[in-house]
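Just the one chain here, the form predicted on its own, laid out as C-alpha cells.
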C-alpha cells in the first residue's frame, strides 16, 4: 500500500505559485521506502517527525517513547545516517528509512 504526504503549507505554496505562473513542484514526486513500505512524497526535505508519521499512522509522542530513525541511499554528501528530533534530511528517489520505537526505562 502506498501512502502520500502533502503538507497543508505545501499545498498552499503550490496553489500560490501556480496562480503566479511559478513552478508548482507538484510534478516532482519522490518514491521512498519507510519500514519496507513504499511511500510517495512531494517534499524535497522531510523532518524527523514527518518520517515517524510516515512509518506509524498514530505514533505515540510522549516523554517515554523515542523513535530511532535511520536511513540509507540518501544524497551523495550524506548517503546514510540517523535522525533525531529536530533534524531534517534531503529526499531522493529510492531512499530507505527504518523507524523503530523505543521505550525509555
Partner chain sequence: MSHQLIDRSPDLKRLRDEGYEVEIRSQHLLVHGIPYLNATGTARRGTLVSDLTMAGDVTARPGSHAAHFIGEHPCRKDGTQISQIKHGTGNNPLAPDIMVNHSFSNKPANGYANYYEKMTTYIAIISAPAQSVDPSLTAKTFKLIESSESDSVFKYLDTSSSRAGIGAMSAKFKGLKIAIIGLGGTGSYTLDLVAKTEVAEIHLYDKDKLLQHNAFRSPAAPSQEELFTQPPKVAHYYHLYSKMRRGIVPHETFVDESNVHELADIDYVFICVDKGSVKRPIIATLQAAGIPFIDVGMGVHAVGDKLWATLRVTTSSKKKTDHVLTRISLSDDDDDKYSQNIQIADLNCLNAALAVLKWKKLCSFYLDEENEHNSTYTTSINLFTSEDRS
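These figures come from a predicted structure and were not determined experimentally. Numbering follows the first chain given and starts at 1.
Unshown form predicted in complex with the partner chain; subsequent notes refer to it.
Novice: Residue 75 near the partner chain in the predicted complex, any heavy atom under 4.5 Å?
Specialist: Outside the cut-off, so no.
Novice: Taking the partner chain as it sits in the predicted complex, is residue 82 in contact with it (heavy atom to heavy atom, 4.5 Å or less)?
Specialist: Yes, contact at 4.5 Å.
Novice: With the cut-off set at 4.5 Å between non-hydrogen atoms, does residue 70 touch the partner chain in the predicted complex?
Specialist: Contact check for residue 70: yes, within 4.5 Å of the partner chain in the predicted complex.
Novice: Taking the partner chain as it sits in the predicted complex, is residue 38 in contact with it (heavy atom to heavy atom, 4.5 Å or less)?
Specialist: Judged by the heavy-atom cut-off of 4.5 Å, residue 38 is well away from the partner chain in the predicted complex.
Novice: Counting only heavy atoms, which residues in 43-60 are within 4.5 Å of the partner chain in the predicted complex?
Specialist: Stretch hits, in order: 56, 57, 58, 59, 60.
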